[in-house]
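Each of the two blocks below gives one form of the same protein chain as structure tokens; they are labelled structure 1 and structure 2.
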Structure 1
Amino acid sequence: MKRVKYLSKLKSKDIAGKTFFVRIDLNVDAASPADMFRLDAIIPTFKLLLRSGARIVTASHRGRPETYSTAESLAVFAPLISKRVGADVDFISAYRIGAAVKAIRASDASIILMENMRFFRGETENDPSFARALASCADMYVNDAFPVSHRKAASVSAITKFLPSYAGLRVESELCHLDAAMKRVKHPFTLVIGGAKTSDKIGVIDYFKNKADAILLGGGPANTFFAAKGVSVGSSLYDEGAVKIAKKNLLLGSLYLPSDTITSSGKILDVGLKTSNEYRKIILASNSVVWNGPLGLFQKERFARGTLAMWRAVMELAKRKPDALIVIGGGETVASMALLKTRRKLPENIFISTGGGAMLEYLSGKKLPGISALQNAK
């Protein structure tokens, strides 16, 4: 299989005068500063293209609409992108492909933002005819939407059959850091898994069970393993369908379950102080850390202490060991970074992945359709 081609390797003369279709991910809350991380992450790709004299047609999905919805329109993002790149953005409100293509060709703006891709028929079906129509608006294609690269969608996968295709700066950075986490970890290596979902994280635990020196569990995954041990979890969030798989990993010497928890109304909602201290010591002794998923219901202060303790631990590790490898991902995990209540720039050895499900699948050793499409592109 061919290697992914990176936009960063193109020379300015190969970019100048060309129109690039850039797939990004704006499946976020425009009113949430924490959610703006995904938008900020793709701005360097926009700036590189504009600096080199390119024109940009960009697209994203938002939510899971079955038809047009004002609440899920991308119109709100046009001024946000414009402010960040210092250029006007022409928003195309049409969500029928013929009308949209016509409007794009009539625009003389340097950046054109299309309406929510999921308003268009053919996007979620990965329809090649729809992808061909999208490709007719550009000379080259760039995937800078790592969070949706585990999905088969026309603007992520099928479009690569019709245009020379490249990974954007953000996708390149994601692949490099995640590859390092999979193949070039420095021991002791610690994996921290939390959050609400369990089934999509079992694969990561299975992949790393013979590679990680410690696997620290919290949230739904911890509750699922408690259930697998026969421990009552009351009405706590857990994945009944993943209990059988969890049982197979209970004897792992590297597996750590919370030794104490904080509960409310019969639900386990955070790890306790003893667990936080135990996990902190393990993290500070590590040379590599991969973390996906908060350890509790961090949105409520009473149940945020475990997750905050993890943030403080990885920040301290990064400061103590500048060569440590630290990769953190997942939408809720990134949002929980606000618990630090600091505007300081993160240490350079902490990489924040924009992906949630995509990060987990990639770390599980699965092939992502969006990345495979780039490898097999025109």
Structure 2
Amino acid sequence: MKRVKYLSKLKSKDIAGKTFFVRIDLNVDAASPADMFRLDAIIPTFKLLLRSGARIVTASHRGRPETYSTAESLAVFAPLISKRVGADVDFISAYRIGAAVKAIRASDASIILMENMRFFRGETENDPSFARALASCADMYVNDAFPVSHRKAASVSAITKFLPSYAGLRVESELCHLDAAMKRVKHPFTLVIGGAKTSDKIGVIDYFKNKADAILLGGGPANTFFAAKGVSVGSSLYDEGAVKIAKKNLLLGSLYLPSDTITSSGKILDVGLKTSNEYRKIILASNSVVWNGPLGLFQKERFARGTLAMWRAVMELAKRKPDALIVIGGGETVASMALLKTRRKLPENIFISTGGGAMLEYLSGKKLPGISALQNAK
């Protein structure tokens, strides 16, 4: 297996005058300042390229649309990127590849932002002809989209067959921190899993079941385990398809389900106070914590208590035990950090990953298609 090539190792003279296709991850709520972590995380890559005299064609997915939808357009991000890098961003609204390539070629902007990759036919199928057309707009490829690197998509994977390909500064930092974390895990090791996308997380729970000393559940994964136990979850978020695996793990000694919950209109929307206290104690007794997924619908204040309790617990752990290893990731989890209402820098022993499912899969030792594609690139 070849090694990933890093953009940081390229010399300015090899960057100058070239066009880079930079895959980023803007799968966030553009209206929420708390959600800008993923955007801010890739700005150093943009700045490095511009400083070295490159042009950038950049692209992301957003949501899981089957066709065009205004709500999932990337247009809103053009001014946000422009403000951060201090350069004009030309937004290309076409979402048919032929028209998009034509518009990109006609533009002389130093940054071109394409429309949501998932509006295009071929992206999610990892279609080589779509990837080739994307590649035709650039000289080099950079993956700076760690959060989507567990998906085999054309702009993440197939495109690396057509262009010299590099990991961006953010992906490099993610790999470096997560590799170090995997080597340093100390027991007691606690895994906290909440949020949505249960199907992505259930396999991870299966993987960690003999490795973690405690697996604390909230959100969709907890509801799925409740359903597996035969407890009625009403219209709560849960994953029918994941119930079978959940059933297999029900008797696991390390698994913690909420002992009380907050419900509204037949939906479980947060963990209760008793659960928050139990989970807090377990976290404080840990030497390593990996957390992905809020414990409740934190966007609404009355359902944010469980998630806030987790943030307070990890902050307290970080302070009490400077050697503790704390890795937190996922779009929503990172956005929920705003509940802490602090502008202070996070303690050094907390690493915030831009990835959610990708982070969990990487920590589970799985090969991420986007990273393997960089290793096997042209």
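Numbers given to residues start at 1 and step along the sequence of structure 1. For clarity, every value in this text was computed on a predicted model and none was experimentally measured. Between two forms, the rigid core is defined as the largest C-alpha subset superposing within 1.5 Å.
Visitor: Choose between structure 1 and structure 2: indicate the form predicted together with ligand 3PG.
Guide: Looking at both, the form predicted together with ligand 3PG is number 2.
Visitor: Hey, what angle in ° does the smaller rigid piece rotate by between structures 1 and 2, against the larger one?
Guide: Smaller part versus larger part, rotation angle: 18 degrees.
Visitor: What is the C-alpha shift for Thr261 between structures 1 and 2, rigid core superposed, to one decimal in Å?
Guide: Displacement of the C-alpha, rigid core superposed: 8.4 Å.
Visitor: Keeping the rigid core superposed, can you check how far the CA atom of Trp311 moves between structures 1 and 2, in angstrom?
Guide: Trp311 is displaced by 3.5 Å at its C-alpha.
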